[in-house]
Ligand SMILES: Cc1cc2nc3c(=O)[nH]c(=O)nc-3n(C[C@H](O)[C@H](O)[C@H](O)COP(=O)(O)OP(=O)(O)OC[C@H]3O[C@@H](n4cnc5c(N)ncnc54)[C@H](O)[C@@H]3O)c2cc1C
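What follows is one chain in structure tokens, specifically the form predicted on its own.
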Amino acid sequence: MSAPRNVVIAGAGIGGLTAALALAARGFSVRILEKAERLEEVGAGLQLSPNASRVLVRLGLEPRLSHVAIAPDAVSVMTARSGGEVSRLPFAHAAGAPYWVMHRADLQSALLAAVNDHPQIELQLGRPVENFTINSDGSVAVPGGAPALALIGADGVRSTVRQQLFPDVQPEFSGLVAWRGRIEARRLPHGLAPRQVQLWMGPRAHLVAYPMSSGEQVNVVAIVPGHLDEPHASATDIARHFKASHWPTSVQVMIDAADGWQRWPLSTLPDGGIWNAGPVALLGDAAHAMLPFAAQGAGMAIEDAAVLAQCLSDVEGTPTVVSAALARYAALRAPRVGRVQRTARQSGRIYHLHGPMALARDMVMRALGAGRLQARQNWIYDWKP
């Protein structure tokens, strides 16, 4: 008699919840173990390009998300050098796969509601996965539960699952800090609240702003140099940086209007990711934490979830073949994730140019035109599970 098709997931973030839904859709019983006593909003807004929204739509989440998500028409690429627009890149909305921006809490709430409605998914809060054992039959034992076919570490950049699998692999601080804040749109002067995604490029920093929460709020992310541990860092440091570099008044107004600032040191893992050992695999930031400059952090975790479910779908309750399925998952994901990591890193260097190099960048972007600039992203957006 075959063993139950059960999987344990460590972590109830976006990647872990999506993986649970994707696995349950393929007949698995899933137990999610989350260390937090309650799931609360983390961060502010996020962008979901068609490669990610396509997965969520196929999982049946569109009705839950369409009324809270905003589908902007374009990204407006702005330069702090002149305060003007360099290019406006239209978003290509593939059939059934929009480009969405939304509050992170809205996506988490939609995923959580779907998880709670699914009879084959059990979510346990206040249950950290601090250790596990691989049994002689190839199953995985996590304290407090029955053996599982597989354990999936979706527990973030400081993953305890990865720490046990690969103790020598540690996140590397990038030297950059993301400050994330929110603005009540009504607090901004008329015409300053962005209606699409705005990307501001400037000297040694950049800023992204876009509407969320049905247009009532604006998400703003300021990327500036910093240190991993800055106990005295405050929101005034952000304003000081942008004023000292003589950024346009409109940017400084947005920064002054934002509140709820949260500081996120940006750390990364090696290009291509760290994926699996036997019946244990990693997903999302636990596998491939990357710079957010391609707006693909959440997107890559959602893609991981879809591919993971595909690779495990043929496992018929035999733990000995799970390792091969997870090795295939790693082989499928590593090249694409590595390319996205490199793209994000290169984008950050381009955004932060200054002086004559910034002028040359702006001239090249204008010469290329919106169509050719947008086409450079098609390999990301056109992905399908």
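As the structure is a prediction and not an experimental result, all values here were calculated from the model. One rule holds for the numbers: they count along the sequence shown, beginning at 1.
Keep in mind that the form predicted together with the ligand is not shown, yet the notes after this line are about it.
### Message
Taking the ligand as it sits in the model of the complex, is K35 near enough to touch it, meaning that at least one heavy atom pair lies within 4.5 angstroms?
### Response
Contact with the ligand, yes.
### Message
Is it the case that P203, even though its partner is missing from this view, gets within 4.5 Å of the ligand in the model of the complex, heavy atoms only?
### Response
P203: no contact with the ligand in the model of the complex.
### Query
Hey, in the model of the complex, is Y210 touching the ligand, heavy atoms inside 4.5 Å?
Yes.
### Task
May I ask you to state whether Q296 is within 4.5 Å of the ligand in the model of the complex, using heavy atom distances?
Yes.
### Query
Thinking of P63, H118 and V307 as the candidate spot, does the ligand come within 4.5 Å of a heavy atom on all of them in the model of the complex?
Result no, not one residue of the spot touches the ligand.
### Task
Name the stretch, out of 176-184, 142-150, 244-252, 231-239, where some heavy atom lies within 4.5 Å of the ligand in the model of the complex.
It is 176-184 that comes within 4.5 Å of the partner.
### Query
Since exactly one of L165, V77, A301, V224 fits, which has a heavy atom within 4.5 Å of the ligand in the model of the complex?
Answer to the contact question: A301.
### Query
Across 127-163, which residues bring a heavy atom to within 4.5 Å of the ligand in the model of the complex?
Read in sequence order, the residues that approach the ligand (within 4.5 Å, in the model of the complex) are R127, P128, V129, A154, D155, G156, T160.
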